[in-house]
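Take a look at this one chain, the form predicted on its own, written out in C-alpha cells.
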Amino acid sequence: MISVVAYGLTVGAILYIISIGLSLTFGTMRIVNFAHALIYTMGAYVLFTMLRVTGGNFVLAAIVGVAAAVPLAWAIERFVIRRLYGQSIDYAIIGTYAVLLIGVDATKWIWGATPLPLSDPIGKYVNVLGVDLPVYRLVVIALAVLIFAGLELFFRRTVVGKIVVAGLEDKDAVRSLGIRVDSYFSLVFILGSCLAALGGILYAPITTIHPYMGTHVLLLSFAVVLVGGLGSMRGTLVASFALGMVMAVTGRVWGPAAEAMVFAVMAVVLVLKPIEV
C-alpha cells in the first residue's frame, strides 16, 4: 500500500507541475492552450539531448531544458495566442492544437519516432515501513510542494504577482492606471510554459520519451484543471494529488481503468458544479 501511495503522490506532483500552467493561462488570458503539451514534450527531448552533451549531469540538462521553453513559449504567445485575445474560445483551441500537431511532426523529424528511455538520475532508495521507495520520486513530490509555495508567495508578495491578480479581477481597471496588464499576462504564460517543460523533464525518467507523450498527458491535465477549478492554484494542487491517488488505487485494482476513472471523477464534478467560461 505504501508503494501505491508513493506512486499516486508522484503522479499527482507531475500533474500539478504541468496543470498549473494550464490553469494560470486560462485564468489570466481565458485561453485553452493545447500547445502546452508541445512544450512539455520539448522539455523532455531537450533533457535527453543535453544529458549527452553534459556527460549525464541531470541538473544542468534540466536547467537547459526549462530555459529552452522560454523562446518557444514567447513565440507561441507572440504570434498565436496574442492574436486570439477576446476571440471565441474555439479559435484558441483550433490555433493551439495546430501548433501542437506541427510540433509533434517537427519532433519526429528531429529526434525520430522511436521511444527514448531514461534511467533514474538518482538511483537510490529509502526504506519506508519495509518498502523501498525511489528517492527520485520523493524529490519530485517535494518539488511540487515547493513550486506551489513559491507561486503563492509570487502572487501574494511581489508587485508583478499583485498586478496579475488585480488584472484577473478587473483588467480594465488595471489598464486605467496606465499598467500594460497584457505584458504581465505574457510573463505568466511563459512561467506556465516553463513549468510544463519542467513537468516533462521530471516525468521523463519515470516513463519513456516519445513525440506523442504531450498529447497523452494533456487530457489528464485538462481533467485536473476542470476538477480543481479554472484559474485556481490551490484547487489545482488538491485536484492533482487527488486524481493521482485515484489513478494509483484504480491501477492497483484494475490497471486498464486507471485513467478512465480520472475522467469519471471529472464528469461527476462537472455534473455537480458546471464550469462557467
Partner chain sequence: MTGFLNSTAAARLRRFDLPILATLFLLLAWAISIQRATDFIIFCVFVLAYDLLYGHMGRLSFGHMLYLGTGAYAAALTAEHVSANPFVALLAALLAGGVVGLILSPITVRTTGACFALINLALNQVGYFLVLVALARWTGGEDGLAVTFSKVGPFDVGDKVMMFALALACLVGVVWLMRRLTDSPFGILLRSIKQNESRVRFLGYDVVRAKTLAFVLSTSLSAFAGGLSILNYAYVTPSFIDTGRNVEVIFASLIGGAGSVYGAVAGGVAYMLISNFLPNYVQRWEMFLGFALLLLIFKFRAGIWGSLVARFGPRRAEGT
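Positions refer to the first chain, counted from 1. Model, not experiment: these values are computed from the prediction.
Quick note: we don't show the form predicted in complex with its partner chain, though the next part is all about it.
Chemist: May I ask whether Asp120, Val128 and Pro134 all come within 4.5 angstroms of its partner chain in the predicted bound form, judged by heavy atoms?
Modeler: The answer is no: none of the three residues contacts the partner (heavy atom, 4.5 Å cut-off).
Chemist: Looking in the predicted bound form, any heavy atom of Cys194 within 4.5 Å of its partner chain?
Modeler: Residue-level check for Cys194: no, no contact with its partner chain.
Chemist: Looking at the partner-bound form in the predicted bound form, is Ala75 within 4.5 Å of its partner chain by any heavy atom?
Modeler: No, Ala75 is distant from the partner.
Chemist: Taking any heavy atom pair closer than or equal to 4.5 Å as contact, tell me whether Leu226 reaches its partner chain in the predicted bound form.
Modeler: Taking the distances in the predicted bound form, the answer for Leu226 is yes, it comes within 4.5 Å of its partner chain.
Chemist: I'd like to know whether Lys171 contacts its partner chain in the predicted bound form, with contact meaning heavy atoms within 4.5 angstroms.
Modeler: Flag for Lys171 set to no.
Chemist: Tell me, please, which stretch of 89 to 97, 186 to 194, 201 to 209, 136 to 144 lies within 4.5 angstroms of its partner chain in the predicted bound form when heavy atoms are compared?
Modeler: The contacting stretch is 89 to 97.
Chemist: Between Phe48, Phe241, Phe58, Phe222, only one gets a heavy atom within 4.5 angstroms of its partner chain in the predicted bound form; which residue is that?
Modeler: Of Phe48, Phe241, Phe58, Phe222, the residue with a heavy atom within 4.5 Å of its partner chain in the predicted bound form is Phe222.
Chemist: Of the options Val32, Val246, Ala68, Val217, which one has a non-hydrogen atom that comes within 4.5 Å of its partner chain in the predicted bound form?
Modeler: It is Val32 that has a heavy atom within 4.5 Å of the partner.
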